[in-house]
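The chain below stands alone and is given in C-alpha coordinates; this is the form predicted alone.
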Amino acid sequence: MAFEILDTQIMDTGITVGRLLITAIIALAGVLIGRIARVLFKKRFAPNMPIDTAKSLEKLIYYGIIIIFLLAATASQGIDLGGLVIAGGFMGIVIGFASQSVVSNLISGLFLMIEKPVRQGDNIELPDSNVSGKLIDITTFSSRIQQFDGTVVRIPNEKMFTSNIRTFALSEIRRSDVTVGIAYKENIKRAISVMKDAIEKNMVYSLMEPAPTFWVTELADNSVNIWVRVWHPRDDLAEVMPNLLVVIKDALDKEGIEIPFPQRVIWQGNSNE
(Lines give C-alpha, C1' and ligand atoms only; values in the text may rest on other atoms or scores of the structure.)
Protein backbone atom coordinates (compact mmCIF):
# COMPACT_ATOMS: atom_id res chain seq x y z
CA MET A 1 0.00 0.00 0.00
CA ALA A 2 2.79 2.38 0.92
CA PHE A 3 4.66 1.65 -2.33
CA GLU A 4 1.47 2.29 -4.30
CA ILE A 5 1.13 5.71 -2.66
CA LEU A 6 4.77 6.56 -3.46
CA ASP A 7 4.23 5.61 -7.10
CA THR A 8 1.08 7.72 -7.41
CA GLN A 9 1.40 10.51 -9.96
CA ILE A 10 0.42 14.06 -9.07
CA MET A 11 -2.20 15.38 -11.52
CA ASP A 12 -0.79 13.34 -14.42
CA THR A 13 2.42 15.39 -14.46
CA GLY A 14 4.71 12.38 -14.35
CA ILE A 15 5.93 13.42 -10.93
CA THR A 16 5.25 10.77 -8.30
CA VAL A 17 4.77 11.26 -4.59
CA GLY A 18 8.01 9.37 -3.97
CA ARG A 19 10.05 11.66 -6.19
CA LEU A 20 8.50 14.69 -4.57
CA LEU A 21 9.28 13.30 -1.12
CA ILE A 22 12.93 12.61 -2.01
CA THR A 23 13.20 16.14 -3.46
CA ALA A 24 11.84 17.58 -0.24
CA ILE A 25 14.35 15.55 1.84
CA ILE A 26 17.28 16.76 -0.29
CA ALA A 27 16.02 20.34 -0.04
CA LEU A 28 15.75 20.04 3.76
CA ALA A 29 19.29 18.66 3.82
CA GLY A 30 20.36 21.76 1.88
CA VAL A 31 18.71 24.01 4.47
CA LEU A 32 20.48 22.12 7.27
CA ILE A 33 23.89 22.30 5.57
CA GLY A 34 23.29 25.97 4.74
CA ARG A 35 22.66 26.74 8.42
CA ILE A 36 25.78 24.86 9.47
CA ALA A 37 27.85 26.74 6.88
CA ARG A 38 26.37 30.03 8.06
CA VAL A 39 27.23 29.30 11.70
CA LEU A 40 30.81 28.31 10.78
CA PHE A 41 31.19 31.46 8.71
CA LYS A 42 29.94 33.66 11.57
CA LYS A 43 32.41 32.11 14.02
CA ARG A 44 35.52 31.90 11.83
CA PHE A 45 35.39 34.65 9.23
CA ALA A 46 32.75 37.22 10.16
CA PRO A 47 34.65 38.71 13.14
CA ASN A 48 37.45 39.83 10.78
CA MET A 49 35.09 41.60 8.35
CA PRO A 50 32.98 44.76 8.42
CA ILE A 51 29.52 44.05 9.85
CA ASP A 52 27.60 44.82 6.64
CA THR A 53 29.97 42.76 4.51
CA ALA A 54 29.75 39.78 6.87
CA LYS A 55 25.94 39.87 6.83
CA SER A 56 25.83 40.02 3.04
CA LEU A 57 28.22 37.08 2.61
CA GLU A 58 26.37 35.12 5.27
CA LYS A 59 23.09 35.43 3.33
CA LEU A 60 24.84 34.65 0.05
CA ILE A 61 26.32 31.43 1.46
CA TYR A 62 23.08 30.31 3.12
CA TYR A 63 20.71 30.86 0.20
CA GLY A 64 23.31 29.79 -2.37
CA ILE A 65 23.63 26.35 -0.73
CA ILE A 66 19.84 25.96 -0.57
CA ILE A 67 19.44 26.82 -4.26
CA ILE A 68 22.21 24.41 -5.27
CA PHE A 69 20.63 21.56 -3.31
CA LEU A 70 17.18 22.37 -4.69
CA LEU A 71 18.44 22.30 -8.27
CA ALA A 72 20.34 19.08 -7.61
CA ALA A 73 17.23 17.49 -6.10
CA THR A 74 14.98 18.34 -9.03
CA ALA A 75 17.60 17.22 -11.55
CA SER A 76 18.25 13.88 -9.81
CA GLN A 77 14.56 13.03 -9.71
CA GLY A 78 13.98 13.89 -13.34
CA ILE A 79 11.65 16.76 -12.59
CA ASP A 80 11.49 18.94 -15.70
CA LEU A 81 11.65 22.63 -14.95
CA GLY A 82 11.87 23.57 -18.61
CA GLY A 83 8.34 24.92 -18.76
CA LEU A 84 8.92 27.08 -15.73
CA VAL A 85 12.19 28.35 -17.18
CA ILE A 86 10.55 29.26 -20.50
CA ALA A 87 7.63 30.92 -18.75
CA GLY A 88 9.97 33.06 -16.71
CA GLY A 89 12.42 33.66 -19.53
CA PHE A 90 10.93 36.88 -20.82
CA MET A 91 10.49 38.25 -17.33
CA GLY A 92 14.07 37.28 -16.56
CA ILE A 93 15.35 39.25 -19.55
CA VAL A 94 13.46 42.34 -18.44
CA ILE A 95 14.65 42.00 -14.86
CA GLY A 96 18.18 41.26 -16.08
CA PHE A 97 18.42 44.54 -17.98
CA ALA A 98 16.92 46.43 -15.06
CA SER A 99 19.26 44.88 -12.51
CA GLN A 100 22.44 44.93 -14.61
CA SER A 101 24.08 47.65 -12.53
CA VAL A 102 22.95 45.96 -9.31
CA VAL A 103 24.58 42.65 -10.28
CA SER A 104 27.69 44.46 -11.47
CA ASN A 105 27.99 46.26 -8.13
CA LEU A 106 27.46 42.99 -6.26
CA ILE A 107 30.17 41.15 -8.21
CA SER A 108 32.55 44.12 -7.94
CA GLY A 109 31.97 44.17 -4.18
CA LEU A 110 32.89 40.49 -3.94
CA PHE A 111 36.07 41.09 -5.96
CA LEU A 112 36.99 44.02 -3.70
CA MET A 113 36.55 41.78 -0.65
CA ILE A 114 38.65 39.01 -2.20
CA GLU A 115 41.45 41.12 -3.70
CA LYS A 116 41.49 43.65 -0.81
CA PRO A 117 43.30 46.50 -2.61
CA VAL A 118 42.21 48.68 0.32
CA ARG A 119 40.95 47.90 3.82
CA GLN A 120 38.50 49.44 6.20
CA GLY A 121 40.07 52.46 7.90
CA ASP A 122 42.60 53.18 5.11
CA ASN A 123 43.02 56.73 3.84
CA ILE A 124 42.50 56.57 0.08
CA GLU A 125 41.98 58.77 -2.94
CA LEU A 126 39.97 58.16 -6.11
CA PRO A 127 41.53 60.61 -8.59
CA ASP A 128 38.93 59.85 -11.27
CA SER A 129 36.09 60.84 -8.91
CA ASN A 130 37.96 63.61 -7.06
CA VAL A 131 37.19 61.86 -3.77
CA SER A 132 39.63 61.35 -0.91
CA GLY A 133 39.20 60.33 2.72
CA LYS A 134 38.92 57.32 5.05
CA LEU A 135 37.29 54.12 3.77
CA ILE A 136 34.50 53.34 6.24
CA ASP A 137 33.36 50.04 4.76
CA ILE A 138 32.61 48.03 1.61
CA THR A 139 29.01 46.77 1.62
CA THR A 140 27.14 44.55 -0.81
CA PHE A 141 26.55 47.16 -3.49
CA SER A 142 28.53 50.24 -2.52
CA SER A 143 31.46 51.61 -0.54
CA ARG A 144 31.42 54.56 1.83
CA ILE A 145 34.26 57.05 2.16
CA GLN A 146 34.39 59.70 4.86
CA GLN A 147 36.10 62.72 3.33
CA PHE A 148 38.53 64.83 5.31
CA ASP A 149 35.88 67.54 5.71
CA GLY A 150 33.66 65.06 7.60
CA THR A 151 31.12 64.35 4.85
CA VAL A 152 30.47 60.77 3.69
CA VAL A 153 30.43 59.81 0.01
CA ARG A 154 28.77 56.63 -1.29
CA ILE A 155 30.61 55.09 -4.27
CA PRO A 156 29.06 52.20 -6.28
CA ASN A 157 31.29 49.12 -6.04
CA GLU A 158 31.62 48.86 -9.81
CA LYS A 159 33.07 52.38 -10.00
CA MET A 160 35.27 51.68 -6.99
CA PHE A 161 36.63 48.47 -8.53
CA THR A 162 37.34 49.94 -11.97
CA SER A 163 38.82 53.24 -10.75
CA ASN A 164 42.42 54.07 -9.97
CA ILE A 165 42.81 53.89 -6.20
CA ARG A 166 45.56 55.78 -4.42
CA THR A 167 46.15 54.45 -0.93
CA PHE A 168 48.25 55.99 1.84
CA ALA A 169 48.25 52.91 4.07
CA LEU A 170 50.82 50.60 2.45
CA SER A 171 53.86 52.75 3.31
CA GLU A 172 54.84 53.93 6.77
CA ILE A 173 56.21 57.24 5.45
CA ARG A 174 55.06 59.78 2.89
CA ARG A 175 56.33 63.00 1.35
CA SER A 176 54.93 66.53 1.47
CA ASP A 177 55.94 69.15 -1.10
CA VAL A 178 55.80 72.97 -0.99
CA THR A 179 57.13 75.64 -3.33
CA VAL A 180 58.97 78.66 -1.92
CA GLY A 181 59.93 81.71 -3.98
CA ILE A 182 62.93 83.93 -3.20
CA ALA A 183 64.00 87.21 -4.80
CA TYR A 184 66.40 87.16 -7.74
CA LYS A 185 68.95 89.14 -5.74
CA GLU A 186 69.22 86.42 -3.07
CA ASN A 187 71.86 83.68 -3.01
CA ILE A 188 70.12 80.40 -3.81
CA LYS A 189 72.58 78.15 -1.94
CA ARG A 190 72.34 80.33 1.18
CA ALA A 191 68.51 80.28 1.06
CA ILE A 192 68.49 76.48 0.73
CA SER A 193 70.94 76.17 3.63
CA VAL A 194 68.74 78.37 5.83
CA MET A 195 65.58 76.38 5.00
CA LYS A 196 67.31 73.04 5.55
CA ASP A 197 68.70 74.13 8.92
CA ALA A 198 65.29 75.44 10.03
CA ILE A 199 63.55 72.19 9.06
CA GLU A 200 66.12 70.05 10.88
CA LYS A 201 65.86 72.11 14.07
CA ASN A 202 62.15 72.93 14.23
CA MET A 203 60.25 70.21 12.35
CA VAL A 204 60.10 67.35 14.87
CA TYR A 205 58.00 65.23 12.49
CA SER A 206 60.36 65.60 9.54
CA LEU A 207 62.61 62.62 8.83
CA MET A 208 66.33 63.01 8.33
CA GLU A 209 66.41 59.78 6.31
CA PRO A 210 65.26 60.23 3.60
CA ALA A 211 66.57 63.76 4.01
CA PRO A 212 64.68 66.87 2.85
CA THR A 213 65.51 67.84 -0.74
CA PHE A 214 65.50 71.21 -2.47
CA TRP A 215 65.18 71.79 -6.21
CA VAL A 216 65.14 75.01 -8.18
CA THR A 217 62.13 74.42 -10.40
CA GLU A 218 61.43 77.73 -12.11
CA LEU A 219 62.80 81.19 -12.84
CA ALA A 220 59.41 82.84 -12.55
CA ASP A 221 58.37 86.43 -13.30
CA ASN A 222 58.88 87.64 -9.74
CA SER A 223 60.87 84.94 -7.97
CA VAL A 224 63.20 81.99 -8.13
CA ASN A 225 60.99 79.06 -7.13
CA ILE A 226 62.45 76.29 -4.96
CA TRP A 227 60.64 72.98 -4.52
CA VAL A 228 60.96 71.73 -0.92
CA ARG A 229 60.29 68.01 -0.38
CA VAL A 230 60.03 66.69 3.18
CA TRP A 231 59.52 63.07 4.27
CA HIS A 232 57.60 62.31 7.45
CA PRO A 233 55.64 59.50 9.17
CA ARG A 234 52.46 58.66 7.30
CA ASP A 235 50.03 59.72 10.02
CA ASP A 236 51.70 63.07 10.76
CA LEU A 237 50.51 64.90 7.65
CA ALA A 238 48.23 67.15 9.71
CA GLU A 239 51.20 68.19 11.84
CA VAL A 240 53.69 68.73 9.02
CA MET A 241 51.80 70.71 6.38
CA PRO A 242 50.44 73.54 8.61
CA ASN A 243 53.88 74.13 10.17
CA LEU A 244 56.26 73.61 7.26
CA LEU A 245 55.62 76.92 5.49
CA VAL A 246 55.56 78.77 8.83
CA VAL A 247 58.99 77.41 9.79
CA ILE A 248 60.45 78.24 6.36
CA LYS A 249 59.08 81.79 6.27
CA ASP A 250 60.18 82.58 9.82
CA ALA A 251 63.70 81.35 9.02
CA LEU A 252 63.96 83.35 5.77
CA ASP A 253 62.63 86.50 7.47
CA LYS A 254 65.14 86.10 10.32
CA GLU A 255 68.04 85.91 7.83
CA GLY A 256 66.71 88.84 5.80
CA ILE A 257 66.06 86.72 2.69
CA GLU A 258 63.28 88.32 0.67
CA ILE A 259 60.20 86.40 -0.36
CA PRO A 260 58.89 88.56 -3.22
CA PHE A 261 55.32 89.16 -4.23
CA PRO A 262 53.91 90.75 -7.40
CA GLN A 263 54.12 94.55 -7.33
CA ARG A 264 52.92 97.25 -9.69
CA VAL A 265 54.07 100.84 -9.98
CA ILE A 266 51.28 103.27 -10.90
CA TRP A 267 52.35 106.51 -12.53
CA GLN A 268 49.96 109.42 -12.62
CA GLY A 269 50.76 111.99 -15.27
CA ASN A 270 50.89 115.72 -14.43
CA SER A 271 47.88 117.41 -15.94
CA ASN A 272 49.77 120.75 -16.13
CA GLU A 273 52.38 119.35 -18.54
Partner chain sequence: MTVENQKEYSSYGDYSISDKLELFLPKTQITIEKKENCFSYYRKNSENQELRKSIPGNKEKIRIEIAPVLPLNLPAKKTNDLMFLRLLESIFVEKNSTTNILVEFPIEIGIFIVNSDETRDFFDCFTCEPMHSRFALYGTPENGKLCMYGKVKLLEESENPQPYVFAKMKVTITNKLNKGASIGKLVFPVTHHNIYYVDNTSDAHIDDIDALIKKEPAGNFIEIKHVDYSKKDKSLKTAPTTDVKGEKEKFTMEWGFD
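Numbering follows the first chain given and starts at 1. Source: prediction; values computed, not measured.
There is also a form predicted in complex with the partner chain; it is not shown, and the following applies to it.
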In the predicted bound form, segment of 26-34, 63-71, 232-240, 215-223 with a heavy atom within 4.5 Å of the partner chain | 232-240
Contact with the partner chain in the predicted bound form, heavy atom within 4.5 Å, among 54, 245, 40, 207 goes to 207
If we test each of 171, 164, 130, 151 for a heavy atom within 4.5 Å of the partner chain in the predicted bound form, the one that passes is 171
Wondering, does residue 124 line up within 4.5 Å of the partner chain in the predicted bound form on heavy atoms?
-> no
Hey, in the predicted bound form, does residue 202 get a heavy atom within 4.5 angstroms of the partner chain?
-> yes
Within 21-35, the residues that have a heavy atom no more than 4.5 Å from the partner chain in the predicted bound form = none
